[in-house]
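A single chain comes next, written as C-alpha cells; it is the form predicted on its own.
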Amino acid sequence: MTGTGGGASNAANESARAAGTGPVPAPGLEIVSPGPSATVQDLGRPGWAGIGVGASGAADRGALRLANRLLGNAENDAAVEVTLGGFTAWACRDLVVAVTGAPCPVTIGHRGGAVNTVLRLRAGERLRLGTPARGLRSYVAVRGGLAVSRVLGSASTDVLSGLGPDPLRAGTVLDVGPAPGPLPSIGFAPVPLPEPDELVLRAVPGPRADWFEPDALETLLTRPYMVSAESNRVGIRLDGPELTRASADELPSEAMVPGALQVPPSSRPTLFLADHPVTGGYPVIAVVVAADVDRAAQARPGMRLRFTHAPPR
C-alpha cells in the first residue's frame, strides 16, 4: 500500500519525487493485528457530493487533527483510525508516533506509553493499543504522515462506497513520508475524558421536522436513546422512543450531512457519521451541530444518548 500521504508537506514531497528529486516514503508500520476494525483516514474528500461521492474522513476529526499537531504534521496527513483497540503494529524503522481519541492502554515494546503525547518507537518494537475504557475510536499518527494511495485527493477509507485504501489487515505495510521539520515544543495535550455513561448532543430542528407528529421533536429532545450494536462509520442506529410521522407521503431523495438524524420506517432515528450516504429518502427530524459530531463518533454500543436544543447563535 504505497503512494502519497496527505497534507501540504507531503504534497510538496510528491512533486519532488515526480521530478526524480527529494526524499521518498519508506516502510514505517507493518500491521500485526488491526483489532475489530482499523482504516486509514485523513480529513476526507469534501466537494464531490455532486457526483455522488461522500466526504468520508476521520469520524473524530478533532482527534486526528490533534495527533498530527503533536507530531508537527499537516493537519490533513493520513493516520490509522482504530475501533475499540486490539491494534498491534511493528515498527519497520525508528518512528515518532502519537495516539489520540478514545483513551486506551498503550504499550511500546515492553514499556508503557500514554495517549495525547509524543511517543518514540524504535525499529523492531511493537506498538499495541488495548481496549479503551471510554470512547470507541483511537487514532495512531506517525510523524511524516502515512504515504498511501489517494482517491479524489484523499487517503480516507470510505466503508460505504468502498473508495480509498482497503481496511487494514495483518501483513499490511504502511509507508511513511519524510519528517516535516522540527517537532513542536509541546509534547503532551490535556484532553478531557469521553463521557462514561451518557452523552448529550446539541441539535437543531431538521428540514423535515414538520413531517412528524407535533410531539415527536419534543420526544427526541427530552427522552434518552441507546446506541445499538448496529452502528458503524456510516451511522449510529438508536433504540428508544418512536418518532411518529404525521405524513405517509414518499420523500424524494435529498442531500444528507454528518449529524443528520434520519428516521426510517422503524420510527427510531439513525445519526449519520463520516461515511453517511450523500442522499437519503427518509425525513430528517433534527441535525446534531457540527461541533458535537466528533463526540458522537466516540459513542459505543450500549451508551445512552440525549439530545438537547442547540442555543441560538
Partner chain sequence: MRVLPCADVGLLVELDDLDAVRALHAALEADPPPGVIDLVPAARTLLVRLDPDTSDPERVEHAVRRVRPLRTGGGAVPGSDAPVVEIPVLYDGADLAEVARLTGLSENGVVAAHTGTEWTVAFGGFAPGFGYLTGAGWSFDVPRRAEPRTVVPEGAVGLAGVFSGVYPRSSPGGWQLIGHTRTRLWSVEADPPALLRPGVRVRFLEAT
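Numbering follows the first chain given and starts at 1. Values in this document were obtained by computation on a predicted structure and should not be read as measured data.
One more form of this protein should be noted, the form predicted together with the partner chain, which is absent from this view; the next part is about it.
Colleague: Heavy atoms, 4.5 Å, the partner chain in the model of the complex: which of 205-213, 222-230, 97-105, 120-128 makes the cut? Say which one.
Modeller: Of the options, only 205-213 has residues within 4.5 Å of the partner.
Colleague: Verify the flagged residues 83, 91 and 168 against the partner chain in the model of the complex: is each one within 4.5 Å by a non-hydrogen atom?
Modeller: Answer is no for this spot.
Colleague: Of 151, 201, 217, 74, which residue is found within 4.5 angstroms of the partner chain in the model of the complex when only non-hydrogen atoms are counted?
Modeller: Contact residue from the list: 151.
Colleague: Is residue 24 close enough to the partner chain in the model of the complex to count, meaning some heavy atom within 4.5 Å?
Modeller: It does not: once the partner chain is placed as it appears in the model of the complex, residue 24 has no heavy atom within 4.5 Å of it.
Colleague: With the partner left out of view, is residue 288 within 4.5 angstroms of the partner chain in the model of the complex by any non-hydrogen atom?
Modeller: Yes, contact at 4.5 Å.
Colleague: Please tell me whether any heavy atom belonging to residue 256 falls inside 4.5 Å of a heavy atom of the partner chain, as the geometry stands in the model of the complex.
Modeller: Yes.
Colleague: Would residue 266 show up as a contact with the partner chain in the model of the complex if we use heavy atoms at 4.5 Å?
Modeller: So residue 266 does not count as contacting the partner chain.
Colleague: Under the 4.5 Å heavy atom criterion, name the residues of 150-172 that approach the partner chain in the model of the complex, in sequence order.
Modeller: In sequence order, 151, 152, 160, 161, 162, 163 come within 4.5 Å of the partner.
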